[in-house]
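As a starting point, one isolated chain is supplied in structure tokens, in the form predicted on its own.
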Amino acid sequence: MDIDIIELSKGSAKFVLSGTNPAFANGIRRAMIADVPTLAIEYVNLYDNTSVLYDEQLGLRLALVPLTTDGDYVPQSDCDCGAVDGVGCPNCEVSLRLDVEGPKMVYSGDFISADPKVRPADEKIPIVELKEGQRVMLEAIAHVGYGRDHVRWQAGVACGYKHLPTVEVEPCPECGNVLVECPEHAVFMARSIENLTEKDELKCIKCGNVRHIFDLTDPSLKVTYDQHTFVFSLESDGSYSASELILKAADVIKGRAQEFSDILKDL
């Protein structure tokens, strides 16, 4: 199995995963979306709210503010404290305070966290606009959870893959028309259609729009999939960097495989 990085930034990545099968590729995708442990606000203690938002609306907005996730925290279900009635300990929860008076736009960056390592991933997320005389004072409690339980814990917000397209072209008088018909015409722009590179093929979405240019039995143009190579693209909500999210998802797959192996040994 090989990985070739195409694009990599703090919040997004694109890479080619080869030498595997659709089951494993889909497992990585699902793990990034649903199985990576992530910190998010679950409970809110409201002491004063005279804003235009009801308490419930404010709580919903806060729950979807991504928090940078520190690996030292554990889910309450795995914590030794027992977390009676949702009240945990410093190992499984972190407190963030918010106390703002208007007139002011309240942003996620106005939170004061009990743990400096746990902060809103983006400090410019608008929460509510306060007018003169309005105030919001609250304590938000964040816990570790999983995207499979609620979207607030979904660290991977746009994770998907496709089979690597393979474009085979032979010289033909109709090939020039492909430049117009292909919706991803940048695939062929400034390049002879007979000299496509793998980078060009990555942009192909196999739409089929160009097929009517050719007789269906004409072998001049053939677009197929490599069944064992996948082009991944993903975005993180900021809880983790893109590279951390990929590695965390791989750790989840590895851990489940080890757990399954241990069960089989005990049979």
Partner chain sequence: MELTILSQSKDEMEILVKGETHTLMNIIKATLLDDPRIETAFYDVKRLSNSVEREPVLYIKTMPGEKPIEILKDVADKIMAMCDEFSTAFTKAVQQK
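Keep in mind the model is a prediction, meaning the values are calculated, not measured. Residue numbers count along the first chain shown, from 1.
Absent from the display: the form predicted together with the partner chain. The rest refers to it.
Site residues R30, A250 and Q258 are all in contact with the partner chain in the predicted bound form, judged by any heavy atom within 4.5 Å. Mapping the unseen interface onto this chain, K10 falls outside it, with no heavy atom inside 4.5 Å of the partner chain in the predicted bound form.
Though the partner is left out of this view, N26 does reach within 4.5 Å of the partner chain in the predicted bound form, counting heavy atoms only.
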